[in-house]
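First, one chain by itself: the form predicted alone, in structure tokens.
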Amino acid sequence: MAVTSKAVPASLGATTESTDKRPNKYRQALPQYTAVAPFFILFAIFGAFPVLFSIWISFHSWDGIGPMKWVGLAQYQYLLTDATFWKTIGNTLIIWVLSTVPMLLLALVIANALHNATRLRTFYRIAYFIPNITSVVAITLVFGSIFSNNFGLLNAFLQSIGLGQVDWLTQPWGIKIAIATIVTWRWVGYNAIIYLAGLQAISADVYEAAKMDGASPRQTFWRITVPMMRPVILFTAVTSTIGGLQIFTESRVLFGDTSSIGGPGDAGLTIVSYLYQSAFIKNQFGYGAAVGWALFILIVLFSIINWRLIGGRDEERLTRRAARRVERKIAAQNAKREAADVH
């Protein structure tokens, strides 16, 4: 009895082979996922988990060791009536204004000077950036000696010119000025380098046109440089707001005694210092977490305010763009007319 074999259709065989040889996209992407996995694992452990856990413990009363006790919104309710917390907000905002406003203005002036400098430009860039990479603790210790009440260099200078001695580290405004000076000295060079990068992005043709129109250096700076630097100024304002509202190390080192972490009368007690005092000195981790989330809301609020004040509205930006287009068209038409008159 003969055995007959049926031949497999060619189309079916080709389909089977193509199915077997089809690459697995998940298997192909496995090396890439393996390469980036350590970052996401570390971020989940040391980034995402602490954030979520801080939200959880803000609804509990916890000393860091014993069992947690659910209190709901009691921590936030007490936060709204805590006089010390509102005092820390006032201290932080005053220090932020005293440091951020002069810091950004000085940075813009320094960046403009560096942009126009012809000699030792690299040396000055490095010199202005060095304070930013210097240890904050070392900087604060040096300025603590400068602002010392009895043997400070600043009081010695004031007495040498006939002025009286100022108790910088015991008076409320003296403490705030001292902390703001440390912050300004540390970050003015950093912002100046950022402004310098923004200035170098401005075309030189704009300044040449301003000179041809008879604009003075002051008019060029305030009417051309500053408006065209608005995106960079917005970036530095937002980052300075985020950093200024999180001031901690300066006041902590300046007043090292844990019993008076903010100095005499808590004049230098910032929001982060109060968070540290509540959580790690008084062992009130739940309340410290509530203070941290209140600080987060405050930072978001002031960042939005800076964005609206400096960035401008969309309608205003569109109006400015339209105005520039009209000016370019008018300038082109005038150039054509002048060329026709010459011919």
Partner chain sequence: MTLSRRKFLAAGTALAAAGLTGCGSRSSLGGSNELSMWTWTGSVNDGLIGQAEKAIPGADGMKLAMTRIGSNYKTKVLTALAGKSLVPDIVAINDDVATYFPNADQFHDLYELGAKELEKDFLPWKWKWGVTPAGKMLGYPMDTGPTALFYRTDIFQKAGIDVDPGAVAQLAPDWDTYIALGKKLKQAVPGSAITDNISGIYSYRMAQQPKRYMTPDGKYIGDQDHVRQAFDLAVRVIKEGLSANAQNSTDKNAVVTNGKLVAYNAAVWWAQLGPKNAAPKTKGLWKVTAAPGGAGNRGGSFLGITKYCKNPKAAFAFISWLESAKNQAEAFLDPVLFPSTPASYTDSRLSAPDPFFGGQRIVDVFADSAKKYPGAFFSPYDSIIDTPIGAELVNVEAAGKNPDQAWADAQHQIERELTRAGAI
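Everything numeric in this text was worked out from a predicted model, so none of it was measured. Residue numbers count along the first chain shown, from 1. For the two forms, the rigid core is made up of the largest set of C-alpha atoms that agree within 1.5 Å on superposition.
We do not show the form predicted together with the partner chain, though everything after this point is about it.
Within 4.5 Å of the partner chain in the predicted bound form, a heavy atom is found for every one of Tyr78, Thr170 and Lys282.
With the partner removed from view, the residue among Thr220, Thr241, Ser148, Thr249 that has a non-hydrogen atom within 4.5 Å of the partner chain in the predicted bound form turns out to be Ser148.
Note on contacts: among Ile65, Ala37, Leu52, Leu309, the single residue with a heavy atom within 4.5 Å of the partner chain in the predicted bound form is Ile65. Contact annotation: the partner chain lies within 4.5 Å of heavy atoms from the stretch 149-157 in the predicted bound form, the single such stretch among 149-157, 93-101, 191-199, 177-185. Using a 4.5 angstroms threshold between heavy atoms, Gly265 counts as touching the partner chain in the predicted bound form.
Taking the partner from the other structure, the partner chain in the predicted bound form has a heavy atom within 4.5 Å of a heavy atom of Tyr276. Using a 4.5 angstroms threshold between heavy atoms, Ile45 counts as touching the partner chain in the predicted bound form. Although the partner is absent here, Leu254 sits close enough that one of its heavy atoms falls within 4.5 Å of the partner chain in the predicted bound form. When the rigid core is held fixed, the Cα atom of Pro31 travels 2 angstroms or more between the shown form and the other one.
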